[in-house]
Each structure stands twice: as structure tokens, then as C-alpha cells.
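Taking the form predicted alone, here's one chain by itself in C-alpha cells.
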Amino acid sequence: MNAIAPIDNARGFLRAAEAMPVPAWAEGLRAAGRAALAARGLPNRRVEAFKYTDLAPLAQMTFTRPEGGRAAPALGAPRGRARLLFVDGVLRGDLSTLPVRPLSEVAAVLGELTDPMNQPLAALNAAFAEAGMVLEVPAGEDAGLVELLSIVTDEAGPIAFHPRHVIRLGAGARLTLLESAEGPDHLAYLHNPVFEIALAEGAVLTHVRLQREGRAAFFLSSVHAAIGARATYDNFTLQAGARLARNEIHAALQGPQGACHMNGAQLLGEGQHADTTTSLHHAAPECTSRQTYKTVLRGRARGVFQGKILVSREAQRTDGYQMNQALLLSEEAEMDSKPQLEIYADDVKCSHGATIGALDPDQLFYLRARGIPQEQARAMLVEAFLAEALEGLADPLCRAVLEEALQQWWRQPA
């Protein structure tokens, strides 16, 4: 159990936040974040939502602001229609192919979807909130695929960056966002993005996320989505990097016949800890949700899944499904799973489940008996295990990117 006092463990962050210049658009957001940190601090393992994920290593480090202006590595053409590039947390407009709107233009809606007092990752981001991206798609328009790429290169010392991203889709609008974050294994840094997403009636957002931060990095991310009537939010997250990662998704189905799909995979090796925590609120009738998360662990890795579905009294004819499965490839690996259903409506169809196990020795023997080498046989079984999580991903380019990442992970040492 973490014995660090809740307020004391955030003192370094508070000092750093108070020393930062505050742009006009961020005044309210920064003040709310600092107030939450001062009142609650960073959560320790006595906080139920962080029972399995200890943020104490963050409190023991001193992070600095990125220097900025560093050269970006050579990049190929954008994978989609446009690219937004962040280097060391700083948006590089000169290397991006999409006009960038300033966050000051949407300052009035910043923080509407977050609750810093009860969401520590959002509070930490708010205390340092930096300009991220603003993507607004007008009603009826299909924006195609946009790539959001974050790269870390700063060698000066442990850096931290906290971008605030805003995505707003008008009625019937469509967007596919391919987000990826990466950095070198030898650098310690903190990447703490927050996404505020609002989908109007009939809008469709496909949000594909590939987290391959360096093995010494910290990745704390939270997504907050408000889903309107007949709108769809489709999220797939692959976590394969970072020393400590926590991915939170807070989604609310606010209009009838909305849909939310939250799927993903965690691929973890020696010494890595990854936590996926979801909170899905069915607040309107006739909505559908699907969650399928898979975790593969090798070496002394630890995975966490916490998923909550809340069905309000007015959300009749809800259809909700949640499944979490883990595959342990070593005896030292550990998985913690906590699915939850909280239902106040009486006309619903909801189910959840969780399984944790190892590779089936009979299946492995069957493949080996047909001349397939052991490592190849293990890889085939792992790929088959992960296939269900990828089934709902319709975009061929996004699917190819994730499949390539799966292959790269398997070729790396544990």
C-alpha cells in the first residue's frame, strides 16, 4: 500500500504548475486543475479506482517543460488525408498538413466533459493544460482519415507535456482519427493527453489509438466523449509501450439509439504495467454498447482492466456487452480484472465476463506436431486470441497499422 500522503505527493506538480505562465484561454482550466490537485493530490492505492495502479513513481520524479524547437525525425507521407504532428508535446504547424485552430477559439467549452475533483488524470492535465489540437467537422461532412502523431526526442531530461485535444462533430459528420504516440526506450518522460469529444446527432467518429511510448516513459490518458442521438463513437486502443500506462475512457450515451464501441488490446513485456479503465453511462433509451479488451503478458508484466457500465432508469431497452480476457505467457505475469454493471432500468440486455489463462498446451502440441516451430506456433495462437478485438475495425488502413504493431511487439524480446 502506498503510504505517501495524498496532498504531499502532488506538491512538486503544484509548484511546477504555479510557476508556468497561464494563457488567457487556460485560466479557468488551470485553476480547476490546481484546486483539485491541492485538495486530492495524486491518487494512491487506497483509492478504489487506483487499487491496482500505483502512481507513486510519478511523485518521485522531477519533470521539466520540453525545450521545443527540436528537429523531427524523417517522416513519410501522411497515412490519411491529413496529419497533425506533435514533437515533444509541441504542435509543429510547419510539419502538419492540416490548418490548426487555436484552443482559445473553443475556450468556452473546455472542461465541460471532465470532472477534475473526481478524475485525477483530468486534474493533472488541467493544471498544466497546453494547446493541443481542435478538430471540428461541420454537419454532413466526411473528413476522412486524419493522423495525429506524437513523437518524443528531447534528451535534456525527464520532460512532461499535457495536451488538451478537442473534437467536435456536427450532425451526420464523419471522421476517422488515427492517433499514435511513440518515443525512445531510454528516455523518461510523461505524456498526459486529455480528449474532449462531442458528437452531434448521427455523427460517427472512429478513434484508433496506438500507444508505443518508450519503455521508461509514463503514459496517462483520458478520453471524455458525449454521444448524441443515433451517433456512434468507435474506439480501439492498442497499448504496447511505456513503463506505466493508464488509459481511461469516460463515455456517455446521451441521445436515443446511440452506440459506443470500446475495444482494445494490451501487449506487455518485462516490467511494464498497463491499466485500461472504462466508464460507460447509458443515459438514454435504445442505445447499444460493446466492449472487448484483450491483454497478453509476458515476463514480469502486470495488466489491469476495470470496466463499468451504468444504466440510468430512463435508459430502457439498453443493449450492453463487456468482455475482458487475458493471456499469461509466463508464471510471473499478473492480471487484475474488475468488470462492473450498475443497472437502474428494468428493460435491458446487459452482460459482462472475464477470463484469465495460459496458452492451451493441446493446441500448441497440435501445431508442433505439424512441423511448426514453437515460437511460430505460440505467435499463431496469440494472434488468434487477439483477432476478436480487431474484428470490429472496418478501416483497412487502421487495421493494417495495428497488425504491423502486433508483429513488431512479438519480435521484440520480452
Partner chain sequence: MSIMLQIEGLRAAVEGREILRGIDLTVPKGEVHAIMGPNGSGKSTLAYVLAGREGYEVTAGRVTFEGQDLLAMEPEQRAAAGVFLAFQYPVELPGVGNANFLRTALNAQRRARGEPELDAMQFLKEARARMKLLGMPEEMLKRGVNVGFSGGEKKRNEVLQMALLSPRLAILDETDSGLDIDALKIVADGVNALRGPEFSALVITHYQRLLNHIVPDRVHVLVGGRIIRSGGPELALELEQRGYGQVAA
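Numbering follows the first chain given and starts at 1. Because the structure is predicted, anything quoted here is derived from the model rather than measured.
Just so you know, the form predicted in complex with the partner chain exists too; it's not on screen, but the next bit is about it.
Asker: Which one, 22-30, 374-382, 35-43, 56-64, holds residues whose non-hydrogen atoms are within 4.5 Å of the partner chain in the model of the complex?
Answerer: Stretch with heavy atoms near the partner: 374-382.
Asker: Can Ala389 be called a contact residue for the partner chain in the model of the complex at 4.5 Å between heavy atoms?
Answerer: The answer is no: Ala389 has no heavy atom within 4.5 Å of the partner chain.
Asker: Even though the partner chain is not shown here, does Val47 get within 4.5 Å of it in the model of the complex, heavy atoms only?
Answerer: Val47: no contact with the partner chain in the model of the complex.
Asker: Within 4.5 Å of the partner chain in the model of the complex, which residues of 360-375 have a heavy atom? Give them in sequence order, or say none.
Answerer: Those in contact are Asp362, Gln363, Phe365, Tyr366, Leu367, Arg368, Ala369, Arg370, Gly371, Ile372, Pro373, Gln374.
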